[in-house]
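Below you'll find only one chain, the form predicted on its own, shown as structure tokens.
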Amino acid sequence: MAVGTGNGTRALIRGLRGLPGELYPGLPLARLTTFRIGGPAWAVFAPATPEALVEAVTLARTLGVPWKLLGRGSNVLFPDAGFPGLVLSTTRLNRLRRQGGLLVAEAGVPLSKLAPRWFSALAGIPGTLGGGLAMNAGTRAGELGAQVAWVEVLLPDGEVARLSRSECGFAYRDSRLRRLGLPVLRAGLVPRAGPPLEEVLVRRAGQPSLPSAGCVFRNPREAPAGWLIERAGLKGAREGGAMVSHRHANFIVNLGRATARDVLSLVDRIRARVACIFDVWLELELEIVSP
């Protein structure tokens, strides 16, 4: 996909250059995702402040340019053709401070920065606070949504609002933030001790080292997705450069030259096999961005 050359795209890039942050026209998204998959975006912008993020989203909305938020790219699959619009990277929004009894963190704070001291249940989960809140990231030891006091978001009408935990609608790997596509700016979190870090490190050791996007499927009520996939005999199954991990069957890994098409073919194969054997339809945890 070539970088957009229409009037809207040119006006977008001119506007972004006037904001604090870093601009990368035509950057391949494979460089920004843990899957190492994805063609170029028309533009990637990393705002230096939450206010710059608000202005960038407002500009894209005004110009009718599609936009997509991206943290550390750990739970997303972009198309091989890329993204025909603006990708907003939150990695520079990484400020964290204490305020009374709360931790106030910007959307781009890595979950790994929060986990060791305040939220050990999240250790081993990649990504940033914004994405973690949208997906209500967690493990059996706890979920991020349970620690929320408030979340500051950008509403569709351009206003900034502070939502309470109940207004965020947290559910298993889901939230109102995700369903409505509300960009997270910052959040106030209540620190709480989790499991011993040694237990968390054991969990991390069970994850593959090859490029992946984390768990592909949500755990259904019947059994963990990885257990179902393994029992279906799919560990090591391949489509092109994508493979079901030998270490954890709910991970698809990139063997080096995997494409989005390879991953989607493998997803379809896994779903069909598990449905045939166990009569269980696996729902995606991985976010698949449409071309």
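Keep in mind the model is a prediction, meaning the values are calculated, not measured. When you see a residue number, it is the position in the sequence shown, counting from 1.
The form predicted together with a small molecule is left out here; the points below concern that form.
Taken together, the three residues G73, G127 and V184 all lie with some non-hydrogen atom within 4.5 angstroms of the small molecule in the predicted bound form. The contact residue chosen from R173, R92, R176, R165 relative to the small molecule in the predicted bound form is R173, the criterion being a non-hydrogen atom within 4.5 angstroms. None of P79, P84, G138, G188 but one reaches within 4.5 angstroms of the small molecule in the predicted bound form through a heavy atom, and that residue is G138. Contact annotation for Q207: at least one heavy atom lies within 4.5 Å of the small molecule in the predicted bound form. Under a 4.5 angstroms non-hydrogen atom cutoff, the small molecule in the predicted bound form lacks G145 among its neighbouring residues. Proximity of R238 to the small molecule in the predicted bound form: non-hydrogen atoms within 4.5 Å are absent; the residue sits far from the partner. The small molecule in the predicted bound form is approached by S212, whose closest heavy atom lies within 4.5 angstroms of it. Here the chain stands alone, but in the predicted bound form its contact with the small molecule, taken as any heavy atom within 4.5 Å, falls in 119-127 among 95-103, 119-127, 155-163, 217-225.
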